[in-house]
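Just one chain follows, in the form predicted alone, and it is written as structure tokens.
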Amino acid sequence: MDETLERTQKDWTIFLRLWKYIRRYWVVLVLSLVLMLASALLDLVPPLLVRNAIDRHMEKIHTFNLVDGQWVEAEDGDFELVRRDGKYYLTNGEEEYEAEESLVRSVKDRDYRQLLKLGFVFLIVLLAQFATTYGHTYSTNYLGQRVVYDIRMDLYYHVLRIPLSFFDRTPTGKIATRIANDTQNLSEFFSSVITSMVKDVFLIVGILYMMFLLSTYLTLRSFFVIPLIVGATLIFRTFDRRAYRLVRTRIATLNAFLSEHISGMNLIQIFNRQTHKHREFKGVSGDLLKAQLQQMIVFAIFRPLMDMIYHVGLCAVIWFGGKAILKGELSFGVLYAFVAYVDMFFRPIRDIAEKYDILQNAFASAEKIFNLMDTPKEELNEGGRETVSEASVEFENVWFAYENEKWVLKDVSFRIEEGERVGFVGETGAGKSSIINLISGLYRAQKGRVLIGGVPLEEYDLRALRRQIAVVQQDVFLFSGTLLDNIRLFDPSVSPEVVKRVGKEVRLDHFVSKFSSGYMSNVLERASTLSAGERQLVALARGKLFGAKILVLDEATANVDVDTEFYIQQALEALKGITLIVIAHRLATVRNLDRIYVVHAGRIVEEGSHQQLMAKKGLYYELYRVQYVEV
């Protein structure tokens, strides 16, 4: 709830950060603004054309003077042309003459021609409106899609460089929500909001100008609704932003729940936890529903309120306009145009209200995106030392904790020489895997030093260092794609022939030969078609292919059968000259290594070969005896 309701960035800060992306496409932006302005100006023309049609050609009173026995039309003539009982007369109130048919026809023909011209002008205006609206809609959408693409790329690149500790405490679904869902909300902001809101602002200014031009009297009397509009908008803004921030957080929570539980579906089904997990999902989904209903209530109140203010303003215009017409101070055409402009004035107001809803959604998403972008990046020491000249590993009085001072490793010291084969054993939670994390630079020791090739870890370019360290985990992760691409990590510069040669060296070809498509066989999500041992051989092939100097096996043989373990051992024998570090529970995996370290409660308590440790009859002896007895 703290993340949900506490604002971390102000609107203007968010906009300035978005502006850094927008200004890259300033040419498109300028073009879009010009087209928007043209479209807004064209929107102001139709009411004027209708007013001219009414006042000048439909409701106009034609006046004439009698000159030398001929009727001559004049703007302020003495005689008016009126219709009564189906006939036309010329009258000045005292005298009256029946108008000749030719005179009436000439007046009507002239009005028809003028109305036809206005109709053509109206059509041209409509076509111009279509062209400019299409232009600014396309250009604005193009701008928005490019900006969202850039933000999405920058965000994903930033996520790739965040320290691993961030992913330990942040659900995957929440991160996916930021990259996929929240950036999509920004896309809607650019395509729907920018397109209309900027135009609406131009349009409101233009409408106010035309309203003053038509009738200052009516304009001033309709202004009483503006404080109502401003007040309602400010209140709506406060509640809507809060509601949307809650919605975005609940969506992220839902995605995180789905990501976790779909990945663990086999466990759910094995232990028949479907009903329980369905209840859990109901709670998470229900929280999202409540948040969305809260946001809907806010908007459901605001939109009808704006409609009510509009009708109150329209009633005021009709009331005051009607009185002015009855007094002869206003023409019907002016009132019609003014009512049209009032309707046009509230259209962008209502549109802004609706788009403001989307705006708040987008800014809530942008806030989440930029908060993720503000997460400190991992210090990779780019430009540091790139080559490991000697594949040795040394710990000097290392203390390490994942959280505060809850030490996982306590004053750990050891040295592994180049080409040496060393194992770490101990009970679960002793700190074995933490040693591997420190060697790879995924975490940093709080005290002491980690040296690779006699050089402190901090002096290396971590990207270069990690290319020279291959880690084979207990559950090797494979991407969707072919087996070939998973071995070469989708690097097309590595030829299939090289991959096949490496596969043969690490004994992977024995398993690949079982697939009809060989190395071109598709790997499904989570590599469900491959066994744990086969995936570990793939990881070994990766390390060999990319020239790793240090190979780490983190519980690599814990979940494999005896036959597969035999092939893994053969593959390790083929990797000559590589410094090998093995983390193991199964002591048979480490018994033939050069040296074994026994880790207990974060400290190294024993060290030596298998025979030496068995002779000591210490902790290693007890672990071996327990496993032997269990067997």
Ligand SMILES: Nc1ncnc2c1ncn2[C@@H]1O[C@H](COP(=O)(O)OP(=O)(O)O)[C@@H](O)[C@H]1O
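The structure presented is a predicted model; accordingly, all values stated were derived computationally and were not measured. Sequential numbering from 1, following the sequence displayed.
If you look for the form predicted in complex with this ligand, you will not find it shown, but the lines that follow are about it.
Peer 1: Residue 168 versus this ligand, in the predicted complex: is there a non-hydrogen atom within 4.5 Å?
Peer 2: Because a heavy atom of residue 168 falls inside 4.5 Å of this ligand in the predicted complex, the answer is yes.
Peer 1: So, in the predicted complex, is residue 432 in contact with this ligand at a 4.5 angstroms heavy atom limit?
Peer 2: Although this ligand is absent here, residue 432 would touch it in the predicted complex, with heavy atoms inside 4.5 Å.
Peer 1: Does residue 386 make contact with this ligand in the predicted complex, using a 4.5 Å heavy atom cut-off?
Peer 2: So residue 386 does not count as contacting this ligand.
Peer 1: Check whether residue 216 has any heavy atom within 4.5 Å of a heavy atom of this ligand in the predicted complex, and answer yes or no.
Peer 2: So residue 216 does not count as contacting this ligand.
Peer 1: Choose one stretch from 532-540, 111-119, 508-516, 424-432: the one whose residues place a heavy atom within 4.5 angstroms of this ligand in the predicted complex.
Peer 2: Going by heavy atoms within 4.5 Å, the stretch is 424-432.
Peer 1: Considering this ligand in the predicted complex, which of 439, 349, 552, 408 comes within 4.5 Å of it through any heavy atom?
Peer 2: Exactly one residue meets the criterion: 408.
Peer 1: Since exactly one of 395, 443, 236, 190 fits, which has a heavy atom within 4.5 Å of this ligand in the predicted complex?
Peer 2: That would be 443.
Peer 1: Which residues, if any, of 402-425 lie within 4.5 Å of this ligand in the predicted complex when only heavy atoms count?
Peer 2: The stretch touches the partner through 402, 403, 408.
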